[in-house]
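In the block that follows, a single chain appears as structure tokens, in the form predicted alone.
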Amino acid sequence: MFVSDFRKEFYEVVQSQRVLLFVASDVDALCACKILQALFQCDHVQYTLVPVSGWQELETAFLEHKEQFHYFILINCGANVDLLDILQPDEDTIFFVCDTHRPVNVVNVYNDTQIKLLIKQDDDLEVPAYEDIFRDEEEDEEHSGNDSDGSEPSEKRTRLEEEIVEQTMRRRQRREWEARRRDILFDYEQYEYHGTSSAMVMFELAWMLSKDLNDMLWWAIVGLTDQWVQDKITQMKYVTDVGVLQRHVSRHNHRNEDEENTLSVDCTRISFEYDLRLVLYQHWSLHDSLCNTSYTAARFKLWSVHGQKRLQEFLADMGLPLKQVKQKFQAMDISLKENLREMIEESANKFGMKDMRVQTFSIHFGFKHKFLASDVVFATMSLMESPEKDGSGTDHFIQALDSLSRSNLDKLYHGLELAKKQLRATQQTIASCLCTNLVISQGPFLYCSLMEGTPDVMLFSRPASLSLLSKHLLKSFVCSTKNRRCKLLPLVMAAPLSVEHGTVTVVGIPPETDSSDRKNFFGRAFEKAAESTSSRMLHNHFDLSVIELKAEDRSKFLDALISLLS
């Protein structure tokens, strides 16, 4: 059931208990976890933190810990499946679920005792009505065993005929109701999409408790920016949520003119910015950032010689010397940096890039360290999905979690270096896919497969990295193709996961159109295609549109998917 009062029905309940936190491996979940940890620290709440990257890990961890805990908090996992069916908990176990995945499973919505959903009601959830989905088991067979022996045989026969007619009617109604229920559930569960960021939901809880700090506000901003960077929400939703956070930023970071209230220069300060849509440009060179931002790379078509020429023309139009553009941003002439944003925006408009600037936030730690919210998202994501073999998934999770604290800026800078590697590899892979025509139209969708042995292929075996690569590849393909029909198609992408097990990761991306509502239908389609061909598939990831598949089943799986979506 949905929790209406987070303070009373959630926080005050767990405050006096030992709780277990299951946190999914994405940046928004990490930020929500940091906010909750800070609240728990304020109130001395005992908790255990367990990172989970998929359903298998969640089930294993739950079995391991279920004897010691009654209260479980799930962040960014658990809302879109029937939790009780998967975990089979005891009757006194209670789950608090704060998850952005939609649609929310109907059993979770209508379970009043064990499942409490920490989900904002103003998201248009469109949950079907209870009576359309659930029905009390009626006794279909009602035997009339109390016939009075004294009644006439003809009367008996008439009554029997009436009962038979009544039963037939009841059965027909039941069948109609079941058919209607199937249709309603199909319409409700057909598309997968994302709701309000979990970090924002947790920040609102902190605000209700009057315990919101600047650090918590920054984590909420990073959580929202993660959703925008990964294209999980529409531009409209992003702008609305930025407006909400902007009010909190003004409240926390206003400067009073009188001397008694001025903050020390080395304090953390957050500011709203209308900044450039270039990745990590303040920690890289402007040239590298232009080449590795998917927006500019796709618009210039940088994988072609003509595209490289257009980039040179763009820089010439701004009047920036190449020497300045290719050195670190921090070392550029101050005179150039002062109106750089305006110069870039003006030239970008001439080159048909109307959305070169975007609403975002930045944080300053004293004079030296300044980060944009998107910088932190890329750094944290790279730390979490790091291909380095020196640690387990949990180690990478802990590193990523630590990088969000201002006391661990060295980890954040390490994350930025990893992010640069990842972004370079992404653009190189996109260039090779487009130049060698690896993106093929399969009829109802586009398909691209990364081969074993492709440079940097191991960087894309993890779900978030592969999803981001697929989204950027689709943007670039749409800009490069002349085929109008192909511009409106979704993309299915596969990358090798494990050579020894012979498995591939497959991800489905909705079409890249301006009016796209970011709703993804591939989760259900993958399920049906695998079922009909009995392909060996594992739906282990919390996003239903990401699956693991046996490499030898790939061709029959794709054939089934084509016939299903045609």
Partner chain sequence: MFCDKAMELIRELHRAPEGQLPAFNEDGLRQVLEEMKALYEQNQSDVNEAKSGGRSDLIPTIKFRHCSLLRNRRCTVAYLYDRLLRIRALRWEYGSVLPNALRFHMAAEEMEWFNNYKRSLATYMRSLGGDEGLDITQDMKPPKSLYIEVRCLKDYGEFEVDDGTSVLLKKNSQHFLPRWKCEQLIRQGVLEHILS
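Residue numbers count along the first chain shown, from 1. Remember, predicted model here, so these are calculated numbers, not experimental data.
Although not depicted, the form predicted together with its partner chain is the subject of the following passage.
Checking I398, M353, L209, L409 against its partner chain in the model of the complex, a heavy atom within 4.5 Å turns up for just one residue: I398. Scanning T513, S534, Q68, Q56 against its partner chain in the model of the complex with a 4.5 Å heavy atom cut-off leaves one residue, Q68. Of the heavy atoms in F521, none are within 4.5 Å of its partner chain in the model of the complex.
Contact annotation for Q41: at least one heavy atom lies within 4.5 Å of its partner chain in the model of the complex. Although the partner is absent here, T48 is a contact residue: one of its heavy atoms lies within 4.5 angstroms of its partner chain in the model of the complex. In the model of the complex, N540 stays away from its partner chain, with no heavy atom inside 4.5 Å. Partner proximity in the model of the complex, defined as non-hydrogen atoms within 4.5 angstroms of its partner chain, places exactly one of 460-468, 398-406, 334-342, 314-322 at the interface: 398-406. Looking at 10-38, the residues that come within 4.5 Å of its partner chain in the model of the complex, counting any heavy atom, are R18, Q37.
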